[in-house]
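Just the one chain here, laid out as structure tokens, in the form predicted on its own.
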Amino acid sequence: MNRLLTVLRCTVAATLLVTISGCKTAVSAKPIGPTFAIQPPLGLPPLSIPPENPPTVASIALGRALFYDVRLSNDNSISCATCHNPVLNFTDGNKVSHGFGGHVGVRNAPPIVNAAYLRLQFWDGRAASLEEQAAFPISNPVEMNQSHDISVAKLAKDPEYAALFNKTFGPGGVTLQRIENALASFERTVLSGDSAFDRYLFRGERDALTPSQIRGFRIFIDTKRGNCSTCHTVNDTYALLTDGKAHNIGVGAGDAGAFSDMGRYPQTKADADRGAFMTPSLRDVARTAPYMHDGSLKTLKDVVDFYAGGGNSNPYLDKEIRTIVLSAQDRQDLVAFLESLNGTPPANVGPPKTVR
């Protein structure tokens, strides 16, 4: 009988999201209230939304506040926006990112624009969702250098934040999973499309691209010339401009197959992933220099020249990377096409009027 009463008490506690001595209760991290429909711009497909984290007006607003809040860092000096600055198209403009205490990272900050479409996050694909990705930089000693417990405690001390979390998710206050879910919901609104390229290809506006950009696009999709769309995909009704996979293109390759960065290999232990990195989307690419996982290429011309030269030879080089014959005009046209991928900046993604 006593055991039955305990089970009943804990069941009620879990349902009401309250704490009763002797009961281990889970606090819901699923937003409450009506779901907000995120409308992708021209050129992008519908978003895949995890059922356990449907976006709401409140969760998006909370995530936006958290994204710009420096209290998620050890010394209250760094926010997510430090490396993903909206003024710089959600990058930081550096070769590699700079973090807590002046520490310098080893990889270039990837833009979060359209990251909602990526099956795997980070250059090495170590996170399987935006929700999972959100917590990594907070505790990384080179980035924000703060334990998750301390981050939760700091935010929970703010009565306004505590109220916002309860309003967004129901009773239970601040938790790490709620922080992750709110950040992910905000990041799903950071979408860029409706570029000149989109208007040309998906709306049929023949004058949306210049003659040079049209020639560049033809090179881009020609498997015997640029062969770019093999990894930077373009479909009939939308273009993610990434295949969401990891490839070794030779960046960082040294002698005898040595790499300055092993890329995806530590995650999979597959030889094919040695020196391989996730394919970035090319949307807004003209706004996100420098390029590659190590920021080693300064301009789009450098990128085109690198690929035209067949990358850097190594035992694990992707089979699609090969020397291609491009004239000086071809290379100029390819760069011009890449510039046509600059989309319409998303609205309501900058710092909120009040950042705690």
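Quantities reported herein were computed from a predicted structural model and do not represent experimental measurements. Throughout, we count residues from 1 along the sequence that is shown.
Keep in mind that the form predicted together with a small molecule is not shown, yet the notes after this line are about it.
Peer 1: In the predicted bound form, does each of 65, 152 and 189 have a heavy atom within 4.5 Å of the small molecule?
Peer 2: Result no, not one residue of the spot touches the small molecule.
Peer 1: Hey, of 54-62, 291-299, 41-49, 28-36, which bit sits against the small molecule in the predicted bound form at 4.5 Å between non-hydrogen atoms?
Peer 2: The contacting stretch is 291-299.
Peer 1: If the cut-off is 4.5 angstroms on heavy atoms, which of these, 177, 279, 74, 168, is the one near the small molecule in the predicted bound form?
Peer 2: Selected residue: 279.
Peer 1: Which pick from 146, 97, 195, 213 sits with a heavy atom within 4.5 Å of the small molecule in the predicted bound form?
Peer 2: By the 4.5 Å heavy-atom cutoff, the listed residue in contact is 97.
Peer 1: Is residue 108 close enough to touch the small molecule in the predicted bound form, meaning at least one heavy atom pair within 4.5 Å?
Peer 2: Residue 108 belongs to the contact set for the small molecule.
Peer 1: Check residue 262 for me: does it contact the small molecule in the predicted bound form (non-hydrogen atoms, 4.5 angstroms)?
Peer 2: Contact check for residue 262: no, nothing within 4.5 Å of the small molecule in the predicted bound form.
Peer 1: For residue 274, is any heavy atom within 4.5 Å of the small molecule in the predicted bound form, or not?
Peer 2: No, residue 274 stays farther than 4.5 Å from the small molecule in the predicted bound form.
Peer 1: Indicate whether the small molecule has at least one heavy atom within 4.5 Å of a heavy atom of residue 227 in the predicted bound form.
Peer 2: Residue 227 belongs to the contact set for the small molecule.
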